[in-house]
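To begin, one chain is listed below as structure tokens, in the form predicted alone.
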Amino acid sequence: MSSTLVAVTGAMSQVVAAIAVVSGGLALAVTRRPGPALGVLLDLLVAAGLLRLVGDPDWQTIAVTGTVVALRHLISYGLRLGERSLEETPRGAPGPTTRPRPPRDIVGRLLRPAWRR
């Protein structure tokens, strides 16, 4: 692989990671909701990880990118479950009145992009 390609994609992945932190902070400041802000941050970190894979990937880079993707799915799934339980709680009640039903197709929900829901 060309050393120029490795240098450019490495630099761009760092730029995208910095943009991810700034965009996540901005999204949190504007919406005051951690769910969408965390989604923006993690999506851009996945993009930065994929840019690092374009260069000369080694097993450590692949593992880090895979970990970020897995964390993104698990965190967004947990936030969605938390939002549902908060929506089911009546105002002034100490906790949820009904227990949320577990999703039937967990794998399908984890693999479906958030914008298709």
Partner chain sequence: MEELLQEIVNVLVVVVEACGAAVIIIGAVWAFLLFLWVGLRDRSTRNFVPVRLTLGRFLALGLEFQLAADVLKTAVAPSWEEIGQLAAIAAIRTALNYFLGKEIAEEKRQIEEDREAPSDAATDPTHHRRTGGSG
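All values derive from a computational prediction rather than experimental measurement. Residue numbers count along the first chain shown, from 1.
Not on display, but discussed next: the form predicted together with its partner chain.
Although the partner is absent from this view, G78 stays clear of its partner chain in the predicted bound form, with no non-hydrogen atom inside 4.5 angstroms.
Residue contact with its partner chain in the predicted bound form: G82 places no heavy atom within 4.5 Å of it. By the criterion of a heavy atom within 4.5 Å, Q14 is excluded from the residues contacting its partner chain in the predicted bound form. The shortest heavy atom separation between V69 and its partner chain in the predicted bound form is within 4.5 Å. Along 46-68, residues V46, A47, L50, L51, L53, V54, G55, D56, P57, D58, W59, I62, G66 each place a heavy atom within 4.5 Å of its partner chain in the predicted bound form.
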